[in-house]
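In structure tokens, one chain follows: the form predicted alone.
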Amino acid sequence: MFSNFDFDVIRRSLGYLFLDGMTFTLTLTALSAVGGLVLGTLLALMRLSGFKLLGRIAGLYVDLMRSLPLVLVIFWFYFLVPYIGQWLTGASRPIKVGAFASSLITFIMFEAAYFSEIMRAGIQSISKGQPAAAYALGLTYRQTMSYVVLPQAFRNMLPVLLTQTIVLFQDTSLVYVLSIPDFLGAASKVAQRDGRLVEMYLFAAVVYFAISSIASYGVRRLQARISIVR
């Protein structure tokens, strides 16, 4: 079955695949996860605030993002962000953003919708007596959230947040549609150049499976450790 396979093409392209492609993929994943978590936490606080208008705006944003295909959002931001930059700066032409910046903005805003729901569940899992006790001690709303609620919510939701980050790692391969040389894009370029589609796409699948499996195993170990501490 594998007699006609040329696995040497994989060996020859390892440097390009991992130094360029995988570095891009991991960088985009890490920055998008951090940005999405920060924005998602703000959205969660808006949805749980006593101001109905803020809650409705955040809810509409989350529902909108979660109802759209990610690949459509990627295209949308790639073509829309330059015009938004032109509108904000008053420039005469659309602002050149670049494929990486456009992809990063897209993933931060898209993943924030999912992170916000995770953080909202984490905040709601905290006993209402704890913020009430914090207010009784004289802490403000910001201090109560910063020192009492959010640290516990983040710890409770850490395995779910990491699982969502693994999904994000897999989703970043969709930047391939913008011809960005992420790991899958780099593998595709080599495959097209050398006419070895099966070998390169098979290798890319094995790499994604291996990284996702190892990361999932780490999350399960972390989850078990946290549950034991409790």
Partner chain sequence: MNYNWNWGIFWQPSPNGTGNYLDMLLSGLVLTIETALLAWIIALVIGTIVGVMRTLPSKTASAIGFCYVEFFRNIPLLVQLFLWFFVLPELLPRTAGLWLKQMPNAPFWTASIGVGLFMSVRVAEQLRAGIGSLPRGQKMAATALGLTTTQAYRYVLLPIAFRVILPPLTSEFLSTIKNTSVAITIGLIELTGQARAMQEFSFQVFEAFTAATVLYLLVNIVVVIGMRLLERQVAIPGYISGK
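Because the structure is predicted, anything quoted here is derived from the model rather than measured. Residue numbers count along the first chain shown, from 1.
Not on display, but discussed next: the form predicted together with its partner chain.
Screening 76-84, 96-104, 146-154, 133-141 for residues having heavy atoms within 4.5 Å of its partner chain in the model of the complex returns a single hit, 76-84.
Among the residues 58, 26, 202, 162, the one placing a heavy atom within 4.5 Å of its partner chain in the model of the complex is 202.
Residue in contact with its partner chain in the model of the complex (any heavy atom within 4.5 Å), chosen from 68, 38, 54, 31: 68.
At least one heavy atom of residue 170 is located within 4.5 Å of its partner chain in the model of the complex.
Taking non-hydrogen atoms only, residue 220 approaches its partner chain to within 4.5 angstroms in the model of the complex. The shortest heavy atom separation between residue 18 and its partner chain in the model of the complex exceeds 4.5 Å. Shown alone here, residue 89 lies farther than 4.5 Å from its partner chain in the model of the complex, counting heavy atoms only. Residues from 171-199 that approach its partner chain in the model of the complex with a non-hydrogen atom closer than or equal to 4.5 Å are 173, 174, 176, 177, 184, 197, 198, in the order they occur in the chain.
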